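In structure tokens, the next block holds one chain alone, the form predicted alone.
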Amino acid sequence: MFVIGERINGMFTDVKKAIQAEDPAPIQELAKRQIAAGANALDINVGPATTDKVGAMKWLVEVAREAVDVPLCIDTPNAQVMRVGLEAAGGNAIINSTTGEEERMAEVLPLAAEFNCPVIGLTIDAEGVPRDANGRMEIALRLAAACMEQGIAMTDLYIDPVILPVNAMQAVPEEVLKSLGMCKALSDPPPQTILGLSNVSQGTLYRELINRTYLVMAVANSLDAAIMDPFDDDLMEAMITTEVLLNRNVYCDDFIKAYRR
């Protein structure tokens, strides 16, 4: 599974302080440690650290790029900030994200085509997040059609069915699992699937347990990628073990060590 490390985000205190002080050391340490822990790419999000989103995104991406040579997932709702991040990433990037709203797709999908990079599509439209899997798939179809019009390959589209906190919307996790499987019938080849995993446990008491359990369920239901915390060893090991049990990786007695190598 493709793991996008979530820790370079201005909502975290250490990252916020580093952005405000323009101190590259904490950012580069986080970048290297996430990759060492098993992340395949890094989410880059200025968050609430500063009002200068453009300058901060450029700095943040450049600093991370000096430390690691992996895809950087440029995470912002602002198209101008997105362009600056994509330019600074040097062509090895992922767009996070577009919704299914026409105005947003018209802003973001041309950037994905111009920079020849994958794009994450959220199953959200002007009505918000649908209540069930069928509503999510209506938006996913809209996203897929818009990508085809822009010449974006389906394998470069990551559909995110948008998981919500289980303590607020307990029926949603099951509907999202249904959506993951339904995505694989949208086209041939199908789009890929992704989740912002930690959203499922937002505000709950046993966050790590909920994240770990839901990740196992999602991988078994065709999840291809997740934005998650690679520093959570139990979470990473649950993911690795699930893929072994689903015959996606070869079993050996040291399969966790083998996977990390």
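In this text, residue numbers run from 1 along the sequence as written. All values derive from a computational prediction rather than experimental measurement.
The discussion below concerns the form predicted in complex with a small molecule, not included here.
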Each of T123, L157 and D224 within 4.5 Å of the small molecule in the predicted complex, by any heavy atom, yes or no? no
Would you point out which of 149 to 157, 127 to 135, 169 to 177, 114 to 122 contains residues with a non-hydrogen atom within 4.5 Å of the small molecule in the predicted complex? 114 to 122
Do G38 and the small molecule come within 4.5 Å of each other in the predicted complex, heavy atoms counted? no
If we define contact as a non-hydrogen atom of the residue within 4.5 angstroms of the partner, is N199 a contact of the small molecule in the predicted complex? yes
Is there any non-hydrogen atom of R212 lying within 4.5 Å of the small molecule in the predicted complex? no
Even though the small molecule is not shown here, does R207 get within 4.5 Å of it in the predicted complex, heavy atoms only? yes
Sort through A25, M11, L246, V250 and report the residue having a heavy atom within 4.5 Å of the small molecule in the predicted complex. M11
